[in-house]
Structures are given as C-alpha cells and as structure tokens.
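The data below hold one chain only, encoded as structure tokens and taken in the form predicted alone.
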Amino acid sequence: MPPSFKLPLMRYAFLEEQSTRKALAEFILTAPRLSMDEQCRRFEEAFSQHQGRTYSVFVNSGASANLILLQALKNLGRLKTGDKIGFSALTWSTNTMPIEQLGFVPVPVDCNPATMNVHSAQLEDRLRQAPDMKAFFATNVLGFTGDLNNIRQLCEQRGIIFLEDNCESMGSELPEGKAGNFGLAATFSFFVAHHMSTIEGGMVCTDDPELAEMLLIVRANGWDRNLPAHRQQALRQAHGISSEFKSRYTFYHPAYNVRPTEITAYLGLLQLQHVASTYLRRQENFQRVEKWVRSNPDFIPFDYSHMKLLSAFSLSFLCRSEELRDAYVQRFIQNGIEVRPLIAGNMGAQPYYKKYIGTEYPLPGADTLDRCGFYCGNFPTMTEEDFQLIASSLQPIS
C-alpha cells in the first residue's frame, strides 16, 4: 500500500469538489448524448474566450494535444520528416516523444535554473549548435516561464515555429500577455491536480485558421465531419468526392482518434467558472512559502521578477546540493508531505531518450534542476495546518 500523506500532491479532483460531483452525476443521468457533441463545442468557445485566443480544439489529454499539434503542422507541410525541433530539457515525456515518433529530430535546449525554463539566451546558445532548427516547443514549467516575448522575437527572426506546452502554467502572465499566447499554438492539460481538472483532457489553442482546421481533422480519424459545411464542400471538391454517402467515410490526412467526451467538456465548463480565482491563490501560497525559503541558506530562490502573475502549479524547491535535496526530500516525507522531482528531471538523461534518440548536448542547467530540485503540492484549499507542516520541514539542515 502507498503511504498516506497529510499533505498529498493532490487533495481533490476538482475545484468546488462536492458541487462539481453532484452536478456531474445529474448531467450523466440526463444528458442525451455522452460522446463528443454540443458540450465540447461550448467548452472550446468558453476556453478560447478565457485564454484570449481565436480557436480551441478539445482532446482527450494534454499528451494528445501535443501529438495532434505536431501532426497537423506536418500535414500542412510546415514541418517535414527530419526537421530539427528544439524542446525544453526539463519537461514531460509526451512533449518529447511525439517529436521522435513523427520522424522529427529532437534537440534539447537547456534551462535557466533560476526560473526552471528556457530563456532566449539558452535558445540562442543551442542555435549555434543546431542553426537549422525548424521549430521550438517550449515547456512553461510549473507556473513559471522564460522570457517568452524575447523567445518569440528570436524565433520570428530565424524563421522558427514557436510552440508552447502550457500544460503546467495556465493562468500565468507576463507584462506582454498570458503564457500560452506567445507561440503559433499552445497546448493545455486538464488532468487531475492541474490548474483545473476534467479528469482527463487537453486543449490546443491558436489564432491560425488553417492550423485550427487541420487540428479538427487530425483529432478525429482524418475525415471532415467536424469542419464547417463550406470547408467540407471545398475539401470534397478538391478531391473529387461528390457522393454524400461516401464522403462520411473519406479520410484526407494522417490522423488519430483522440476525441473528448461530453462528460469531460461539461466538467470543463464547470471548472472554468472557478479557475480564474485560483490563479492568485496559487501565487499567494507560493509567496508565503517563498519567505521561508529565502531565509534558509540551503535553498536557491526562484526568480519570477519578469512575470506579472505566477500561477504556481506546485511549491517548488531548489537546494544548493544533491545531498541537501535528498535530506529535505526525506524530511518532507517523514513529516507526511508527498514530494516528487521537478517534472521528470532532465529528459536527456531518461532511459527512453538515451535508447531511441541518443544525441547528447550539454545541459548543465537541467542537470542542476534534476539533481537538486523537488516539489510538493499547491492547491487553493491548502490549510493553515498544511503551511505549518511545510514551514517545519523547511528548517535549515546545513
């Protein structure tokens, strides 16, 4: 049996847990249809308005969002087999794996330990070694970001497609705009313990109409059923499909079936009503704990001075040595606080990466975060008892 923690990484599945569960039960009992339909369309529209982007395409997970985004760009010819795609070295497997699976060449870009993120300086450094990079897929890490506006400008100057994996930084803002709004497109995750939960679910957002249309095709089998009527007709005419009977089973592009459900979309609509108010609470929680971190010489405080709002995914910590990290991890666990590494650490050091990709680049920043970092949960319902438990765990060891 896994240990029982006083402060787990996730305490509740939903914002406003009880009312959400009751509403969900009633919806399931009364909904005329549970497969993708009107609720999904409504959630996409609501999320576009919340994020401030033109198009949103809902899928069954954040991993699927990353996958269909890269597939759509390949279908459009904007990326081709063999193209080099940069990615943040501190990331999750499903940000990296689709790059390799779709025949692209993954190129890890190092992170600045002070922010856990790639900045334009790290990207420029990697471009000296990989000047033919065609796209950069940044992971906005745990609520933090790099200097996204500078990265956007650098990518524009070099003709590089800039994409954001914003699965962990929903709600975070820079003076120039929201995280997730700087690249051609951005992905989001609604897995439990993220900023909002639909149990499983993800979204791709963009302002590019051609890309949005291809995402709809790639999401569901490669057919045209989810396109507007005039776009269906244009596609059918271009391919000589005149039979309505046949058109429903005509496939135009490589695709998947990663459709969401009415259940997850209904949850998304409920959660969107509450999520905005939690962004500030997540920042407040982080800043409260940060005061204890800054008074302890065993830790290196993180820098988010370039950000307008830190919608902190977690309470993250960076120790001054691996030995200190191990000691604090042990103390947190002994005190009943569940902890984990910073995402998955340095992706370039993972067995999967070494076996299937193998090309090595120096990644000292990601190595530091891998060896010396950890985090515990951060959620809007944290109690005074939770904070005191963390405070006692942050007493100096050295």
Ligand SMILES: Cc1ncc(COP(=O)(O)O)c(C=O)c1O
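Position 1 is the first residue in the sequence shown; the rest follow in order. Being a predicted model, the structure only gives us computed values, none of them experimental.
As for the form predicted together with this ligand, it is not shown, yet the points below apply to it.
- Comment: 185-193 is the region of 244-252, 185-193, 293-301, 152-160 lying near this ligand in the model of the complex, near meaning a non-hydrogen atom within 4.5 Å.
- Interface residue among T368, Q39, S61, S56 relative to this ligand in the model of the complex, by the heavy atom within 4.5 Å criterion: S61.
- Among C167, V109, M116, L267, the residue placing a heavy atom within 4.5 Å of this ligand in the model of the complex is C167.
- In the model of the complex, no heavy atom of N226 sits within 4.5 Å of this ligand.
- A residue is said to contact a partner when one of its heavy atoms sits within 4.5 Å of a partner heavy atom; Y279 fails this definition for this ligand in the model of the complex, lying far away.
- Under a 4.5 angstroms non-hydrogen atom cutoff, this ligand in the model of the complex has T91 among its neighbouring residues.
- Proximity of G201 to this ligand in the model of the complex: non-hydrogen atoms within 4.5 Å are present.
- Residue T139 is the sole member of 110-147 found to place a heavy atom within 4.5 Å of this ligand in the model of the complex.
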